[in-house]
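Here you get one chain, nothing else, as structure tokens; it is the form predicted alone.
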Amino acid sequence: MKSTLQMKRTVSEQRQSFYEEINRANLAPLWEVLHDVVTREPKTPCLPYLWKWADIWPWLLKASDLISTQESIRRVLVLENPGLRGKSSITHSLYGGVQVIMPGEVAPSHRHSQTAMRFVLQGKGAYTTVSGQRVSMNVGDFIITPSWVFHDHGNPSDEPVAWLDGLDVALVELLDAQFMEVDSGERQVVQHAADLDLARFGNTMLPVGYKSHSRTSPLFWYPYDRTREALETMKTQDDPHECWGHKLQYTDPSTGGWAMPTMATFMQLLPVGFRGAVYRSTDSTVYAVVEGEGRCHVGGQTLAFGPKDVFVCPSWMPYRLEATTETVLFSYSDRPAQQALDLWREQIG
């Protein structure tokens, strides 16, 4: 009679033989990996991290000496999450990078299926042309490049200009929906004045008869001075939220929904001495510091941030924000995509 140990070995050998057999037919046993496929909580490889502007800026200038915009197409230092090295990702679903354009340079026109956003960190006097409309780029401005729309950047000023790029690269790649096309010319022909869309959509009004043909906002330039004024008014009238102070969501003015279908963008003000409550949500969030100084306590780390720094808080990892001076933070995440799929969840405290 076989012992219990022998019987277990026999069953194990039979299973292993079975697994090898079905493997040749490109089949696999779910029960061997179920605990990794369906987890009790989000299990992201994304890690909290802070990129200091004092480190990034000299490297951007050095990159400008080493490679031109003609060679590189887009001269960008990718912000690679330390848990996702080699994947060109700042979170599990999103791309982040810092782009610089030097005086007199042009980043040539192209288009791609990925939706992109720009948030200006340094300098003034550069421009972005999106679908024939050119807008200036100043610190704190938020600019959208919709999916499959030609866009180019140029810098006629006498100083370098740098901005944070955020794209839904990983989401589009997951769906195998990537396309890219180079324009016939280096620059687009400018067809509209810079403030045309602000007049059409930026004053709580819409052109009569307007019908949207896209899930991306028709207003693609959100100047910082308007956003900052709104936050200042909120500061004087409202009590700050326990977790995020005074916070605004960028919206599509024609629908009131998200400005982009896959990425959410926000601006928030933390009062002097703010000590936020603990917060977490399923959307990993990338923050860029516009003004002020403070700390983010996340994942057992304290990320001490200052102007132009960028940091990331991973999915479902509790964190809290503190401000030593009045602080303004821009942020983006994949919340619209999660909400569209009924996946998004948050927890306060």
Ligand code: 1HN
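Since this is a predicted model, take the numbers as computed values, not measurements. One rule holds for the numbers: they count along the sequence shown, beginning at 1.
Not pictured, yet referred to below: the form predicted in complex with the named molecule.
Within this chain, residue 165 lines the site of the named molecule in the model of the complex, having a heavy atom no more than 4.5 Å away.
Although the partner is absent from this view, residue 119 stays clear of the named molecule in the model of the complex, with no non-hydrogen atom inside 4.5 angstroms.
Taking the partner from elsewhere, residue 110 is found to have a heavy atom lying within 4.5 Å of the named molecule in the model of the complex. Taking the partner from elsewhere, residue 99 is found to have a heavy atom lying within 4.5 Å of the named molecule in the model of the complex.
Residues placing heavy atoms within 4.5 Å of the named molecule in the model of the complex fall in a single listed stretch, namely 150-158, out of 186-194, 224-232, 204-212, 150-158.
Three-residue candidate spot 74, 95 and 169; every residue lies within 4.5 angstroms of the named molecule in the model of the complex by at least one non-hydrogen atom.
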